[in-house]
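The form predicted alone is given below as one chain in structure tokens.
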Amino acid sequence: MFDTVPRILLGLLTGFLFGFLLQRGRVSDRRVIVGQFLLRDFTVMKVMLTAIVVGGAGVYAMHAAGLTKLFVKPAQMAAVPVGGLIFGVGMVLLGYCPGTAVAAAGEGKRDAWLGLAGMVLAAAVFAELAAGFSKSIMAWANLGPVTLTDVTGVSAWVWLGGLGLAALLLFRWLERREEHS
């Protein structure tokens, strides 16, 4: 039921580093997140795209080295947009996503603590209703555990490289846009 002490310590260290990087990247500041939604501050998008590319490369490199196993979640094409909409509304109302809310709570921000309480409550409600959802929206357009590589036959490295290149081009375009305004 419980992990080994070294794994727990590794998780704590990783969580601490993640929170530190969120704080240093200023994404634990709700004004930065609100600025993203208002299309005035793209810090959140830059941090997230960088994390996705670096994290994806890390996961696939560890998998290729035999250090980890991939556990692919089902591609639930009806449930994911509904969940994303609920997540987005919560994020707009609170001004934090779950990770940035924890980092902000660690900084002592009271509004983040209220948001964390709301997230725990929402998770409990979902857990109670999940059985009903599994027969309805979670079953609709459920493609099963597939990846873009499975669907297209194109290597995950090509997808990650393309995403990385697109992110770099987007970052450069945003820099030029900021220079001209």
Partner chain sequence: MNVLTSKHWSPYAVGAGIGVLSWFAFWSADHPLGVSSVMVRLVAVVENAVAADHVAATPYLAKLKPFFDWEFALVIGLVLGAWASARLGRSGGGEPVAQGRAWEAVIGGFLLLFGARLAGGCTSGHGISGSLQLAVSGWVFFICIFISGMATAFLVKRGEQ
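The term rigid core refers to the maximal set of C-alpha atoms that superpose within 1.5 Å between the two forms. A quick note: this is a predicted structure, and the numbers were derived from the prediction, not measured. Positions refer to the first chain, counted from 1.
This protein has a second form, the form predicted in complex with its partner chain, left out of what is shown; the following refers to that one.
Point to revise | Partner proximity in the predicted bound form: residue 7 to its partner chain, non-hydrogen atom cutoff 4.5 Å | key: Contact check for residue 7: yes, within 4.5 Å of its partner chain in the predicted bound form.
Review point. Is the gap between residue 162 and its partner chain in the predicted bound form 4.5 Å or less for some heavy atom pair?
Key: Residue 162: no contact with its partner chain in the predicted bound form.
Review point. For residue 135, is any heavy atom within 4.5 Å of its partner chain in the predicted bound form, or not?
Key: Flag for residue 135 set to no.
Check your understanding: Might residue 39 be said to contact its partner chain in the predicted bound form, defining contact as any heavy atom within 4.5 Å?
Key -> So residue 39 counts as contacting its partner chain.
Review point. Along 112-136, which positions have a non-hydrogen atom within 4.5 Å of its partner chain in the predicted bound form?
Key: Contacts from 112-136: 114, 115, 116, 118, 119, 120, 121, 122, 123, 124, 125, 126, 127, 128, 129, 130, 133.
Review point. For residue 10, is the C-alpha shift between the shown form and the other one 2 Å or more after core superposition?
Key: Result for residue 10: yes, a 2 Å-plus shift.
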